[in-house]
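Below you'll find only one chain, the form predicted on its own, shown as structure tokens.
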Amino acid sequence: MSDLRLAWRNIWRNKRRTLLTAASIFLAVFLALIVRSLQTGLFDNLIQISIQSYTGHIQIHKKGYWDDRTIDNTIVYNDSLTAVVNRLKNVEITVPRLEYFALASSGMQTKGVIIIGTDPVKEDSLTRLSSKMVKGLYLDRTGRGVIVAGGLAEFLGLHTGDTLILIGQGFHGVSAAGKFSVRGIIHLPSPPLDNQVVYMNLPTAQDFFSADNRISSLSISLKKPDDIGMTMGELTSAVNLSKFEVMSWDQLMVEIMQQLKVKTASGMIIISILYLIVGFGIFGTVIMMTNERTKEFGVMVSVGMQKSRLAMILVLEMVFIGLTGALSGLAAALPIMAWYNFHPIKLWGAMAQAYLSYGIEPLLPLALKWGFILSNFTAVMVIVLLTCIFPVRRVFKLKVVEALHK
């Protein structure tokens, strides 16, 4: 305890130097936490939107379907498949979908569209599709009415109650054609999807494509997303991998994951440069402090203080300065991160339009995860400890007679 008190008193003998060093550490920790929080919040939001709006955490489909997404590469949707999936404790929702392309027509206008046949109740549980309705009614499980994306409805001049004609190719080359009543109009945040998607319930889609009891994929939402690795292992051992393919969300969104890795790497480079600059600043302070106190060290050793104890006091001094700066930076950053985690920043203008073009709500939440908070705090303290090598080495190599004549 005496060493701790002595170290604490020593750092305040030169208040200006101590405060400047602590301030540089404070600024580094504060900026690093805010940058990492922004970056992590943006990425987590993008991934969560992608999972909730379409893919789910895991998808099961026919082996080879992801490379050749045709109506012929569909699987039979039966009780045996659902029993295997629902047996797993971590599975919350399973959403069967049948997807394929068709030509949509209304009046003199025609356009290629994506038809998504789904279970309305399960789909809404996963993607909250009903909350995106702007006109009319949401899908039901029995009727033949469809809901049309807003951009597509505008292009075709459709309103609720109008008739939509669909022509395409069904299972094994069977002709697919039908007239459907527009039950409602939906707004999707992604312009590409908003301009070409038609939703119908699963039985209607199966009847239209002559694909009885068949689905393109089974999307799975998990209760505990962090346990996706364990659930993937259970699924791969439970299903016939010669017929089915089990893919996690990061395998389904390879392009997005690659972009996130690049952005994460660039962010880490910026933070590393920031810490490098701060490290040199701390090291400069240590050199000045050591050189100024060489005579003091000589006196202390000459009156009987062990060099090991003196070195430990110097390390404690630097640890106190590091903790003062790091904890104050953490204390300043945490309220900001917490506030904008629960109240995301609303974007506007060109940036908001850019987000909307990718189907992302123009919000910028800050992440609040102890993982990167502790990693940044640890990084600063490691830098501080590394700078202690110089004064410790000088103390153990100290020649008392020379030091007293400084």
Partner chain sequence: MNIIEIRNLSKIYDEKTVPVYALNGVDLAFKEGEFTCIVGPSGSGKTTMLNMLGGLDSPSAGGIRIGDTDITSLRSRQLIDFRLRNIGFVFQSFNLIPVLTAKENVEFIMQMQGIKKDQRDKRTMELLNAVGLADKVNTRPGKLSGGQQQRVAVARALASKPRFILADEPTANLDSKSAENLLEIMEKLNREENITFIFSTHDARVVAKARRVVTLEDGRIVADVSKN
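For clarity, a rigid core is taken as the largest C-alpha set superposing within 1.5 Å between two forms. What you are looking at is a predicted structure, and each value in this text was computed from that prediction instead of being measured. Residue numbers count along the first chain shown, from 1.
What comes next is about the form predicted in complex with its partner chain, which is not displayed.
For this session: Taking 4.5 Å between heavy atoms as the contact cutoff, choose which of R144, K132, K307, K122 touches its partner chain in the predicted complex.
Result: Contact residue from the list: K307.
Exercise. Does the 4.5 Å heavy atom contact test between N10 and its partner chain in the predicted complex come out positive?
Worked result: Within the cut-off, so yes.
For this session: Could you confirm whether M108 comes within 4.5 Å of its partner chain in the predicted complex, counting heavy atoms only?
Result: No, M108 sits far enough from its partner chain in the predicted complex that none of its heavy atoms falls within 4.5 Å.
For this session: Report yes if any heavy atom of M300 sits within 4.5 Å of a heavy atom of its partner chain in the predicted complex; otherwise report no.
Result: M300: yes, in contact with its partner chain in the predicted complex.
Exercise. Does at least one non-hydrogen atom of E296 fall within 4.5 angstroms of its partner chain in the predicted complex?
Worked result: Result yes; E296 sits at the interface with its partner chain in the predicted complex.
Problem set entry | One stretch from 276-284, 308-316, 323-331, 112-120 that, in the predicted complex, holds residues within 4.5 Å of its partner chain by heavy atom | That would be 308-316.
Exercise. Taking its partner chain in the predicted complex, which residues of 128-155 have any heavy atom within 4.5 Å of it?
Worked result: Residues within 4.5 Å: none in this stretch.
Exercise. After a core superposition, would you say V299 shifts its C-alpha by at least 2 Å between this form and the one not shown?
Worked result: Comparing the forms between this form and the one not shown, which are aligned on their rigid core, V299 does shift its C-alpha by 2 Å or more.
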